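We begin with a single chain expressed as structure tokens, specifically the form predicted alone.
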Amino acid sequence: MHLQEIYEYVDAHSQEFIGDLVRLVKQPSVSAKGEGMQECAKMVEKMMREVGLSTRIIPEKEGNPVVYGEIKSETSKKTLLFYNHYDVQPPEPLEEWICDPFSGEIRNGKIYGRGVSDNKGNIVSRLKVVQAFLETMGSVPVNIKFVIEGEEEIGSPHLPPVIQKHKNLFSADAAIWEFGGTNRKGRPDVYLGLKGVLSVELRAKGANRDVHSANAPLIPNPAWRLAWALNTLKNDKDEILIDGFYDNVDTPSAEEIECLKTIRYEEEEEKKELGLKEYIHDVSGLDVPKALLYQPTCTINGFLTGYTDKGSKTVLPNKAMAKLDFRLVRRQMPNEIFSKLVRHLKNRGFGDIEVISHGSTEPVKTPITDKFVQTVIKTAEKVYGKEAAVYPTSAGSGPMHLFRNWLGYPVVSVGCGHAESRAHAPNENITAEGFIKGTKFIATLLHEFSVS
């Protein structure tokens, strides 16, 4: 096989590929709001068929559909599965975008739009690899499967029963996960796992309606009630105070510590980009990736109560709500953390606070010694010409455990993003150059996997 033919095809059709990505970005698909989900699922299936995949849409009970596609190789029995998601985060705050978040606008070599990095860029990149092989070689080097779901950004609550029902359909020898890219120095990032996550909502209630704030000496204020409850979860040393929270926390092995040393985290560049003088506790050096990847967290994502518009309003609100997420490390199970959270609040006199779970995933890892991991690392270094930064796990989360732990094959995450892609934030973007380079990387990986 001559990969140069593939590379030349990708270069010759790069504008077409970028145009298809822009088309997908223009289709809103905000799972948190239920905006455009069915339309986007149909568009993704159409794009799959256009490149030569056989497809089907698998409905999720009470959820958004999973789009499945596959194509058989004429030369190999190996199967590589690609996991992606077509849903995106809400685009707010809208006023901070330099363009419409669903425009796919291209400026100075960057493609902007909600979901362009997370995760539509990688969807299109990987689909176009299939097209490139079929157009130049007539066949793909290995069997390929795509699983593209529509609820990753809300915790994939309905994906487990789909996986259970279709285990044979989702069987593979290995999988490539949905995200990744390069760091500021152009080194490829390779991720071997994910933290778990538990997303919750806390609700406090007071009177049956808002009242004048002059009544504050008499009427309970749910905003204060919720603030006091939140104050019991964490201290000023950033330690989580939930009883038993750290019981099962896993620490990095000696092998993983050596892996962390390859990362050489770009702390000064990141702090400058974010306008920070220092990280929490002024961590630096090896302690930065160690904290990022092996420290569980409790984060307030949002707090809503009372009047928040311009000017003042002397009101005592009748309800307050906060959204939180807990990022969990290996051996911390979300259902156990949820039970501990509920028990913690009750034991500290906040049993009246309603606790609602909005989804969870388990922590997961693939060993660095796995043969497929080594193939991915070597291929990344070959294509990008630089040493890979290998992360034993990621600070992010997703339903990787359904494939790694349930179905039993190695899973590695790589992609076509970059260090300032701004996923989940205003002005999310990828570079056109990185998109095309990432497409060539996936093409090379398919070949290397077929002969490994």
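Residue numbers run from 1 along the displayed sequence. What you see is a predicted model, and the numbers here were worked out from it, not measured in a lab.
Another form, the form predicted in complex with a further copy of the same chain, is not on view; read the next lines as being about it.
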For the three residues D189, T375 and S452, verify that every one has a non-hydrogen atom within 4.5 Å of a further copy of the same chain in the predicted bound form; reply yes or no. no
Which of 105-113, 73-81, 264-272, 337-345 sits within 4.5 Å of a further copy of the same chain in the predicted bound form, heavy atom basis: 264-272
Name the residue from K185, K382, R209, K371 that puts a heavy atom within 4.5 Å of a further copy of the same chain in the predicted bound form. R209
Single option in L134, L233, V355, L169 placed near a further copy of the same chain in the predicted bound form, where near means a heavy atom within 4.5 Å: L233
Tell me, yes or no, whether Y246 is in contact with a further copy of the same chain in the predicted bound form, where a contact means a heavy atom of each within 4.5 Å. no
Does any heavy atom of P90 come within 4.5 Å of a heavy atom of a further copy of the same chain in the predicted bound form? yes
Does I57 reach a further copy of the same chain in the predicted bound form, with heavy atoms at most 4.5 Å apart? no
State yes or no: in the predicted bound form, is some non-hydrogen atom of K323 no more than 4.5 angstroms from a non-hydrogen atom of a further copy of the same chain? yes
Within 296-321, which residues come within 4.5 Å of a further copy of the same chain in the predicted bound form, counting heavy atoms only? T297, C298, T299, I300, N301, G302, F303, L304, T305, G306, Y307, T308, D309, K310, G311, S312, K313, T314, V315, L316, P317, N318, K319, M321
